[in-house]
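What follows is a single chain, given as structure tokens, in the form predicted alone.
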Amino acid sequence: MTTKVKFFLFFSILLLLLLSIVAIFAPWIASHDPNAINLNLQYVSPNSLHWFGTDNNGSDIFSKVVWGARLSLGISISVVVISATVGLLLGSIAGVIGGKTDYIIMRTTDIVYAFPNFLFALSLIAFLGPSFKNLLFALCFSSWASYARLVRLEILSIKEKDFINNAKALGANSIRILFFHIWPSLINPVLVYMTCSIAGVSIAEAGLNFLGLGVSLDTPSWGSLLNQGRSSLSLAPHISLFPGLAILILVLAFNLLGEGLREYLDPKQKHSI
């Protein structure tokens, strides 16, 4: 592993550790109630009392950004874990069993995969209505297909390996081969894909909240803050600046982590960063 890769891994892990600490300890880190309204403090610039300034309601932006970290990290990680689990199960069934089962699963996967993830999630949210549960469901439903395709392709490749044929020759059944030979070989590519996917899910979550189709308005989120500051960019640019920087840091951290893991786990991809 090169020095550059070590630096990227260390830097990304450090950023994610800081974001995780902020998300976990948000009630203690936030200096104010994020939903408190004080019209006497509208559009206050960053100062010692309000580090990131205030918005059009006089609410503290620093507290909203801190609480928004909990929402963004929680939804992004949950969506990726759920989508990867569903994709792993369906992709494994399609790759191992094959035949009509493989055809039905993959054609369903192709239908879901044909739609851009964000537009598919947007359509589902518009139909179901904005809420935390619907946001989580829409993002999961639009994301599992890519994992299923990846898992199936990897399994079809792994099934041709000599160690799989040796296991079959020794009498191992399909379930044992799947659990003890195929799935361990899938850890690296699935883990790297999951890490890189979190960045895209974070952007999608912020985009849906920006459009007002995510969580309720009383739940602080980076996307809704961006939308809130959109109409007052010339008067109070800090309203959009700080949540935008938070999204940038989160996406950058996961992208660097994904690239570093790919370099570390796949020796064939050396010097790809």
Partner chain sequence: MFTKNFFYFLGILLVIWGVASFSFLLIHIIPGNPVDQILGDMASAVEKQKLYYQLGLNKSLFNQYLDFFKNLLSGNLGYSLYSKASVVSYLKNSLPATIELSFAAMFMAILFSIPLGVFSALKKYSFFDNSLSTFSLFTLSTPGFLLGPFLIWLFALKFQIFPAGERGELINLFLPALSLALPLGAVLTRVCRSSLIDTLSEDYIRTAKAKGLSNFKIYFKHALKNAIGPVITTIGLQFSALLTGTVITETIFDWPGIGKLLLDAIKQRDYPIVQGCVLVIALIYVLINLLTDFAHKYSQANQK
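Numbering follows the first chain given and starts at 1. What you see is a predicted model; the values in this text were computed from it and never measured.
There is another form of this protein, the form predicted together with the partner chain, and it is not shown here; the text below is about that form.
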TODO: Pick the stretch from 188-196, 88-96, 166-174, 126-134 whose residues have a heavy atom within 4.5 Å of the partner chain in the model of the complex.
DONE: 126-134
TODO: Using heavy atoms only and a 4.5 Å cut-off, determine which of Ile247, Ile239, Val215, Val66 is in contact with the partner chain in the model of the complex.
DONE: Ile247
Task: Partner-contacting position among Ile13, Leu252, Ile21, Leu265 - heavy atom within 4.5 Å of the partner chain in the model of the complex - done: Leu252
- [ ] Verify the flagged residues Ile75, Lys161 and Ile182 against the partner chain in the model of the complex: is each one within 4.5 Å by a non-hydrogen atom?
- [x] no
Open item on the list: Can you tell me if Leu226 lies within 4.5 angstroms of the partner chain in the model of the complex, counting non-hydrogen atoms only?
Closed with: yes
TODO: Would you please decide whether Arg107 lies within 4.5 angstroms of the partner chain in the model of the complex, comparing each non-hydrogen atom pair?
DONE: yes
Open item on the list: If we define contact as a non-hydrogen atom of the residue within 4.5 angstroms of the partner, is Ile29 a contact of the partner chain in the model of the complex?
Closed with: no
Open item on the list: With a cut-off of 4.5 Å between heavy atoms, is Leu178 one of the residues that contacts the partner chain in the model of the complex?
Closed with: no
Task: Residues of stretch 102-134 in contact with the partner chain in the model of the complex (4.5 Å, non-hydrogen atom) - done: Tyr103, Arg107, Asp110, Ile111, Ala114, Phe115, Pro116, Phe118, Leu119, Phe120, Leu122, Ser123, Leu124, Ala126, Phe127, Leu128
